[in-house]
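First comes one chain, alone, set out as structure tokens in the form predicted alone.
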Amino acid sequence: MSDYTISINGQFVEERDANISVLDHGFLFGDSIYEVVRTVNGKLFAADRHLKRLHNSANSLEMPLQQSDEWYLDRWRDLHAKRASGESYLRIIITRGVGPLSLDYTQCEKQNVIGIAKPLNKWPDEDYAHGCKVVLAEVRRNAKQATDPAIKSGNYLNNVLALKEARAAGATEAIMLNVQGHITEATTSNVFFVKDGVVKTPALKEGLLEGVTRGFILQVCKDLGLTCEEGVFTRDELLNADEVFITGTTRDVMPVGYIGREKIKFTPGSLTIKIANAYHDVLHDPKNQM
């Protein structure tokens, strides 16, 4: 039995029957957007923030959504309800739709909406207890003036190539630099580090996705009275950090133990633990669930 529950344009289908046209521009050119929502206690977590980002991605591609927000919320809820048990990873993909074999998208009239649900990722306990291993990728993050990383699109080849480097080194994630050599983000995570009691994370202008979890962590730091800086940081600053952690929808707050062969000083560090515990409370706060 497949671990995937799938819907296409609101209709559930078996995995073997989950088909779209080869002329869909999402398939042909990566001309699509997506969002992933997780459940907490069976409810959608931070779905309003994910919807806002979905709209931002769509508008950036001049591809305004063709369904109401409530329709997309219902699709996420239906996917979770269709699964047998446990918490869910819920992905909605919206493609430009079918059109001619051409980069010109103006004849793509009807978007396709694909929903995929699976059990929520379970990352190794070891990664949280002693820190995961990451690498600094050689491949650079797409420039904002090229394929803007702020758009959560289906064009993820840049991230795939970086993760390929991570896997070759036996690492769980790859942190990417921009073309100027500054830290941006990991392939599916945002990056934070601590130096002399100050929490630091790359500014959005450096070319990275505005992570939903990232936003919560910034608020958590403020609530805890911690100084948190969004700025421009080099690889040397990251390698010399006291603590490093990555954040994401399925990872929550994951400490980093090694960057390549370089061991991080404190893993997990005291501030990382404090932030992770506070974020756990955010996850389970009913006001953040829908």
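All residue numbers are counted from 1 along the displayed sequence. As the structure is a prediction and not an experimental result, all values here were calculated from the model.
Just so you know, the form predicted in complex with N-(5'-phosphopyridoxyl)-D-alanine exists too; it's not on screen, but the next bit is about it.
With the partner left out here, N-(5'-phosphopyridoxyl)-D-alanine still marks one of 219-227, 245-253, 58-66, 259-267 in the model of the complex; by a 4.5 Å heavy atom cut-off that stretch is 245-253. For the residues Val194, Ile94, Ala117, Val212, the 4.5 Å heavy atom test against N-(5'-phosphopyridoxyl)-D-alanine in the model of the complex is passed only by Val212.
Using a 4.5 Å cutoff between non-hydrogen atoms, Ser189 counts as a contact of N-(5'-phosphopyridoxyl)-D-alanine in the model of the complex. In the model of the complex, at least one heavy atom of Lys152 sits within 4.5 Å of N-(5'-phosphopyridoxyl)-D-alanine.
At a distance threshold of 4.5 angstroms between non-hydrogen atoms, Tyr156 is in contact with N-(5'-phosphopyridoxyl)-D-alanine in the model of the complex.
Contact check for Tyr34: a heavy atom falls within 4.5 Å of N-(5'-phosphopyridoxyl)-D-alanine in the model of the complex. Of the residues in 42-56, those that come within 4.5 Å of N-(5'-phosphopyridoxyl)-D-alanine in the model of the complex through at least one heavy atom are, in sequence order, His50, Arg53.
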